[in-house]
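Okay, so here's just one chain, in structure tokens, the form predicted on its own.
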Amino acid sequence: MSARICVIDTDPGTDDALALWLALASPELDVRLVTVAGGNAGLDRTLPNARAIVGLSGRAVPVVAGADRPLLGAFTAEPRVHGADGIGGVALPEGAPAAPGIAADSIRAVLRAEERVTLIGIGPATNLALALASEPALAARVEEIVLMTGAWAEGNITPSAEFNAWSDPESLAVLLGCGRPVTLATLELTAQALVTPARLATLEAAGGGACLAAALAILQSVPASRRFGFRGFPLHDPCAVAWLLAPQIFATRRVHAAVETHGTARGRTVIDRWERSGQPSNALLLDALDADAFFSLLGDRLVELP
């Protein structure tokens, strides 16, 4: 089978770095474009981070700057997990300069050129929403939208909202309503991809080159989570990429998903897992993960990078 053409929209971000390297190491994915938003850190940090991550992989993929703030409201970073620079203070060699243009235009250009494109969103959804909302006919060329976003139970930035969804819920609403297949990796799924000392040790024993060494340094910078009894921390964004590489390690269910855009519950994703709302399904929820298979896949692929 031919590789799946995809665009990755990101806000690196410690877990974004691992997700990008996983995608760039995988022959199943033909990554045509990486677009960048402000999210885990400001765009002044996430853009050079993305350039450095792609550059270290040795892959010649254009990196394009996008939105530095959500469609509405103010920008807020998340330095508690990712550090002020977004990647835990890990120094990476500077990557190639950003490609000219802006993210939404570049996404539309890929969609015009190709009939089947997968959009992978692992940050606030602003760039993807701007691209589709400004030329809705191009949605017909989207094969699938895979998002690390949302939660059907607790949030991680407010009691009810996950960070990416909370950062730009209006943009997430655009994607959920665009009529194309949407797949969701929520906090409940990514909690199953728990980075523990034992899993770090296994990755370290794999050998590999500069990318795996940088990945380990980034992972070692992330604090253990109180939510998980300080046993480790969840590796969110690579789950979205892994779905496209190894769907057999996931359990799924069809759901109706919506997002709150007002009030104290802003950013909360309302995910109907039991068909209580009477609304037709508009998303595929990644419900369970074989964590050992996931980390085996991650290690096997990262060791192939320079």
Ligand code: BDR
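In this text, all values refer to a predicted model and were calculated from it rather than measured experimentally. The numbering used is simple: start at 1 and walk along the sequence shown.
One more form of this protein exists, namely the form predicted in complex with this ligand; it is left out here, but the text below deals with it.
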item	value
Candidate from L184, L187, I218, L175 lying within 4.5 Å of this ligand in the predicted complex - any heavy atom	L187
Contact label in the predicted complex: L128 to this ligand, heavy atom within 4.5 Å	no
Interface membership of N156, this ligand in the predicted complex, 4.5 Å heavy atom rule	yes
4.5 Å heavy atom contact, T35 to this ligand in the predicted complex	no
Segment assignment from 267-275, 235-243, 248-256, 58-66: heavy atom within 4.5 Å of this ligand in the predicted complex	235-243
Contacts with this ligand in the predicted complex, stretch 160-185 (heavy atom within 4.5 Å)	E162, F163, N164
